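Form predicted alone, single chain, as structure tokens, below.
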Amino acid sequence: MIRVDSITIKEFRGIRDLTLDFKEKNFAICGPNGTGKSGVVDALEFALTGNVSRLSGEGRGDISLKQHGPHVDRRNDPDKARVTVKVTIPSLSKTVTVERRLKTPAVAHVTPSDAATLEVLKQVKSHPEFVLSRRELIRYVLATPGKRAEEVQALLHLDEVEQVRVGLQKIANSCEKKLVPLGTASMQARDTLLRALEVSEVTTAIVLAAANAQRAILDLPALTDLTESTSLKDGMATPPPAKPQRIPKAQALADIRAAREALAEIASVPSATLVAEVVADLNALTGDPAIAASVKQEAFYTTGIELIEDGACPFCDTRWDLDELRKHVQTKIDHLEDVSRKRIAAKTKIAPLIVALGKAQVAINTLVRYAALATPPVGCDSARDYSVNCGTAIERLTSLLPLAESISVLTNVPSVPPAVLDAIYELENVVAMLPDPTKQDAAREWLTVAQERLEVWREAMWKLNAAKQQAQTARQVSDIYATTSDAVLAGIYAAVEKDFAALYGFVNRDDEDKFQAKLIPSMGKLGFDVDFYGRGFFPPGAYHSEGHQDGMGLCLYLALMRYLQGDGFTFAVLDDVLMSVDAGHRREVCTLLKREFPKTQFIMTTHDPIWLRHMRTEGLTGGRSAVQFRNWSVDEGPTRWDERDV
């Protein structure tokens, strides 16, 4: 995309005033640690993207670009901190100047400024991965599969693929979760409909036969079909408005019997035994402090174990033995998974109690409506309160947490207040005293109640079927997206894998010329195994040395960048990325960069003067394409020593 001609840095980070001429060629910056090399890297990144990754992102705390980007003596005057780069855009055959100031980091002053130039610079800004440090390099090699997938997909600008996959999976899970309460509601509506129809099964033939028997009593024509718009009481005269609604005696007595059966089930010995078992299980869990936030903590520790690197805790930066730290965190994860299993087992045991409470709630609500129709109305405040308590108990037991509240609710489940039974008994007496309806009145009542409950059941089934269709569609979309994206990513990784193996094999052709590697994509993860001298495939950290791991990280980065940008890979900054590579293989790295990436301008930093000499002797950099920083001071910034031919 671009090549850099020069950079001028003023009052930025640890640099007071520095100009470097790259002349669109490879360039090396050498100096001991703390002499300002990374300041040049940060300045390049800032000028081209408006950001410094070292001062942003996770784990940076109170550090910010605006506050800590300027030189410490200019922290209250960020307008003085500025970086100017002159770049060449090969595709446009044009040279432009880009200047950014820390006071307004998002604003780039581009000269000349035209649409084509701005579009290229926009592309550069969207690819901050042109800067590679060893911290980022080693993530590709030693990260866990989940974290590696994130890093590689971010580099390939495919990070949204995983975000969409997770989002679709959550939607599918949420849709499927809704099916349970809707299924329960449809079953309850079916039970009340069967009771009204006085049949044992809901089929078109059975419902039509039962309805037509009642319609015949009223001399109404028989129904021939049962569609969604069919009304069982079609053609029946509407009662005059002044006439009060009657309690359907036969149906009311049947509903009263159903309510008694529902309450008897709740107060039964099997229910009490089940309650005691669940309470004991929950009491055992209550003593575990992990139960209250097990879901969040499990995700927290799982994320944390993926971030462990450099032998330090990713949360508090405390130094640990890496294996001990992983073992410590994994123990917590295993414990939380065990807690999660116990919580799920308790929910499974509670499910029948929730169903019984729901059945009782529906039955009691039906009786409360009958009580309001009585003359005078039957007092059912206790029954109404019990129905509300059943609903509250269902919500509490469904969520389960906090456990103390669920235990309190459970202990009261088998106890049905005597006042509720008294109210039912009083209502039963009132209904029993009602005069028996005539055959015609009974038929009208039957058809009226049956139609009401048929509509309720139809509505419940419509919601359930719609939710099933939604859940099925959501799951299909999630599965298709996951399968398709995995296939596409597998193709990408196969191409990168082949190129990576070729690059690494070239660097190590003295002893690993037949080197192979495997990038193994799976659901949200990316495994990475490499050949170890024909003995099998293992993770890079298993047997390969630290130097080999550095080489792998660089070669994987180069393969990814070549796949991502193709001929547009014209510029990269390598910030001390080969610290552990031995002298012999450094020469091969120089040859690799020179041979495989002749159109790419590499700006490299190193603290090792021998590595700098290798770059020169192998022809990767010219005699004057380097600068050495001897030391640094807060007042002057880096002190440079330009080597020149005598």
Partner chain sequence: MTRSPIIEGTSDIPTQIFENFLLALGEASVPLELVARLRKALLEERTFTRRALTVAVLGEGSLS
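Residue numbers count along the first chain shown, from 1. If you superpose the two forms and keep the largest set of C-alpha atoms that fall within 1.5 Å, you have the rigid core. All figures in this text were calculated on a predicted structure; none of them were measured in a lab.
This next part talks about the form predicted in complex with its partner chain, which is not shown.
Heavy atoms within 4.5 Å of its partner chain in the predicted complex are found in exactly one of 589 to 597, 44 to 52, 66 to 74, 610 to 618, that being 589 to 597. Each of Q470, Q476 and L564 is positioned with at least one heavy atom within 4.5 Å of its partner chain in the predicted complex. With the partner omitted from this view, the residue of N429, T398, N283, T484 that lies near its partner chain in the predicted complex is T484 [heavy atom within 4.5 Å]. S174 is the sole member of S174, S268, S340, Q330 with a non-hydrogen atom lying within 4.5 angstroms of its partner chain in the predicted complex. Using a 4.5 angstroms threshold between heavy atoms, P417 stays clear of its partner chain in the predicted complex. Proximity of F532 to its partner chain in the predicted complex: non-hydrogen atoms within 4.5 Å are absent; the residue sits far from the partner. By the criterion of a heavy atom within 4.5 Å, E445 is excluded from the residues contacting its partner chain in the predicted complex. Remark: L168 counts among the residues lining its partner chain in the predicted complex, judged by a heavy atom distance of 4.5 Å or less. Heavy atoms closer than or equal to 4.5 Å to its partner chain in the predicted complex belong, across 474 to 504, to the residues A474, Q476, V477, I480, Y481, T484, S485, V488, L489, I492, D499, A502, L503, ordered by sequence position.
Annotation: Cα of V166 displaced by at least 2 Å between this form and the one not shown, core superposition.
After superposing the rigid core, the Cα of K86 is displaced by less than 2 Å between this form and the one not shown. The rigid-core alignment places the CA of S478 2 Å or more apart between this form and the one not shown.
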